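Before any questions on how it binds or moves, here is one chain, the form predicted alone, in structure tokens.
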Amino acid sequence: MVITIANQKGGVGKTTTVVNLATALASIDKKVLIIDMDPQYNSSMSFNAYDSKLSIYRVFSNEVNIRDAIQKSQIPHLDVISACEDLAAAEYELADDDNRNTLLKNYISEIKDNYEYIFIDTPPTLGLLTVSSLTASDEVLIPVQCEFFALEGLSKLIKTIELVKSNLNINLKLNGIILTMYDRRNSLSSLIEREAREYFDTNVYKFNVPRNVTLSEAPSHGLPAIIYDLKCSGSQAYIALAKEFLERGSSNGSQ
């Protein structure tokens, strides 16, 4: 299964979700690959796997075979394909390519059978990199921070997903919405949660990700939070989310 983690707003926890959800699944022996499609390459750095010479950009440029771009992380069962700064140029370099939206899908088809889950981390835009990621995916998972304007941005993203589904990927499904940076002491967090659950109903995951210092600190050590500090509230939230992720997959007949 290929899952894109997307939100056009930055700082909502996309990379944190990719890194820790993937690690949680790998820890129970699921074979997992992360493809970093964000030119800021934070997912790659979270595993000390940044390598511009083996990046997904080099794959797009036909300089590297996608199988050769795969790097093993320090987490058993978890591999990474790095991003790099040059990936930002792909938006322009591929603009005239009629197959630009399906390139990633075609590359992934070569390796898809080797993994149970492939997670794609996307940039904070709704440009080519995100659209091609959605086109290549079976499902999309949306992290949403519990802050003002969050739901307005979410509605825009849902419309984009529907457009991709109508025009490029008829099988694309919404896996769910994860509320991040939740602060139970803050009335705004409670308000955002209430409105999200009222409007999007069961699409919203039961467990929220709390605002937690360790989640921000762990990447600087080149480690996912659930490896850096398993007992912190953020790590425990992602372990619970991984369990719910698997339950949702089972109920949908997925792997």
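Sequential numbering from 1, following the sequence displayed. Model, not experiment: these values are computed from the prediction.
From this point on, the text means the form predicted together with a small molecule, which you will not see here.
Comment: 35-43 is the region of 54-62, 35-43, 186-194, 224-232 lying near the small molecule in the model of the complex, near meaning a non-hydrogen atom within 4.5 Å. The candidate spot formed by Val2, Leu172 and Gly176 is out of contact with the small molecule in the model of the complex: none of the three has a heavy atom within 4.5 Å.
Contact annotation: Lys9 falls within 4.5 Å of the small molecule in the model of the complex, judged by heavy atom distances.
Using a 4.5 Å cutoff between non-hydrogen atoms, Met181 counts as a contact of the small molecule in the model of the complex. The shortest heavy atom separation between Ala69 and the small molecule in the model of the complex exceeds 4.5 Å. In the model of the complex, the small molecule stays beyond 4.5 Å of every heavy atom belonging to Thr202.
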